[in-house]
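We begin with a single chain expressed as structure tokens, specifically the form predicted alone.
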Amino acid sequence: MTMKKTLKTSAVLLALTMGLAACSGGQSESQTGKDSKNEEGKTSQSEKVKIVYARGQDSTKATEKIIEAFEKTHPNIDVEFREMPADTGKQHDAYVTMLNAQSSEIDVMDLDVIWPAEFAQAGYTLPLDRFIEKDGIDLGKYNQGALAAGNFNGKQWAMPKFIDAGMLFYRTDLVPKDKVPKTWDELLKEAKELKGKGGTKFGYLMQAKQYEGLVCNAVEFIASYGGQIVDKNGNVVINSPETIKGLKKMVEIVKSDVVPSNITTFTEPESHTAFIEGQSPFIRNWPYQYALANDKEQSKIVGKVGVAPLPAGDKGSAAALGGWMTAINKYSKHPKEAWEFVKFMTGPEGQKISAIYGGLAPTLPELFKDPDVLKANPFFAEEGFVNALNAAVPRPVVPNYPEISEIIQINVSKALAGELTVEQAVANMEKEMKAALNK
């Protein structure tokens, strides 16, 4: 799964990020009534409660440090860490198996940004709105793209833990800072001019193979021109002039001579390898690209890489959102204590620990100014890095995201191959998505 790959590889980044796009119906009052009772339940000061926190493998000390810090300030709550499969697909399936059985064996769990809507629709997670209101959590302080990934049918089902986003990396020895392209048209122009210079073979690299990474690239083109795929109410709104214009720009770039002739076979490894071998002045990729490009053992462009937001369309710059969220198991026997841990881990103190010990990019922008965070992650001080994160938009927030993703992949691939016009591809996606969401 490409997000997983991105997140894991990003752990390399400045000792940085593991994580990485997000993906109608809701629960009735009768479904949540039982949980309301649990939420109001109180634990006496002397009673010690154990909660179980589940997430994928953490090769850093971040999880250990967060639990340690939390337990010091919450002496009546013990947190047990349950390691889930490292592969995100297997992790997803393990959660689904457990929660389908209404198991209460875990209380808190990390979710890929494309899972919250699915888990909310299935009744696996607890809505967090009452907790948020009661504790006066200011959601305005969070990166809004990351926050939106956990919102479904008007409710907040997960809190953003860390963020990943698509960015433009460029060769500083070939591209002066004042010449970094601000729009897709400028990118095409500069890529054509620079192709062949400084040992390059191409002008631009991206991911255009039929897989999840293609969806991320497509979302960025669509959103930068003001288009949407599914709106916040779950309506399919892909068939618009803005979406068509964005995808036409994507087709134009893919069919141009600035990208490799076999660009439709490129995923992250093919594109990042070509970039660190010095074959292109520009690449669209995830944050891990920075550390990889500065790895003396494999890169030919060490110390020659800059980062900026992706080029803008008519609406502005847009970056596919990646990253991870934290949610509470609906069947938890300790929802109040589970919330205390979620609040701590996704709040300023927990995210600071994640950034320092795990190299994870915070979803609280204020932490990018924290001296301790910057000392551990100098890359966070890059203006282009922060601006790129602020341009993050989620992938379609729908309960059956894998099915919607496949519809996008197939039709966009056909448009890139010239088998369909963009208009035909968009009409197909509209029809197929509506059918999929109305099952």
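Throughout, we count residues from 1 along the sequence that is shown. Values in this document were obtained by computation on a predicted structure and should not be read as measured data.
Same protein, other form: the form predicted together with a small molecule, not shown, and the subject of what follows.
- Proximity of residue 357 to the small molecule in the predicted complex falls outside the 4.5 Å heavy atom cutoff.
- Not displayed here, the small molecule is approached by residue 211 to within 4.5 Å at the level of heavy atoms in the predicted complex.
- In the predicted complex, none of the heavy atoms of residue 107 sits within 4.5 Å of a heavy atom of the small molecule.
- A residue is said to contact a partner when one of its heavy atoms sits within 4.5 Å of a partner heavy atom; residue 220 fails this definition for the small molecule in the predicted complex, lying far away.
- Listed stretches are 344-352, 212-220, 77-85, 242-250; the contact stretch with the small molecule in the predicted complex is 212-220, by a heavy atom cutoff of 4.5 Å.
- Proximity to the small molecule in the predicted complex, taken as a non-hydrogen atom within 4.5 angstroms, holds for one residue of 340, 190, 118, 268, which is 268.
- Only one of the listed residues (204, 152, 324, 170) places a non-hydrogen atom within 4.5 angstroms of the small molecule in the predicted complex, and that residue is 324.
- Relative to this form, in the predicted complex the C-alpha atoms of residue 88 and residue 213 approach one another by 3 angstroms or more.
- Between this form and the other one, the CA-CA gap for residue 211 and residue 56 narrows by 3 Å or more, being smaller in the predicted complex.
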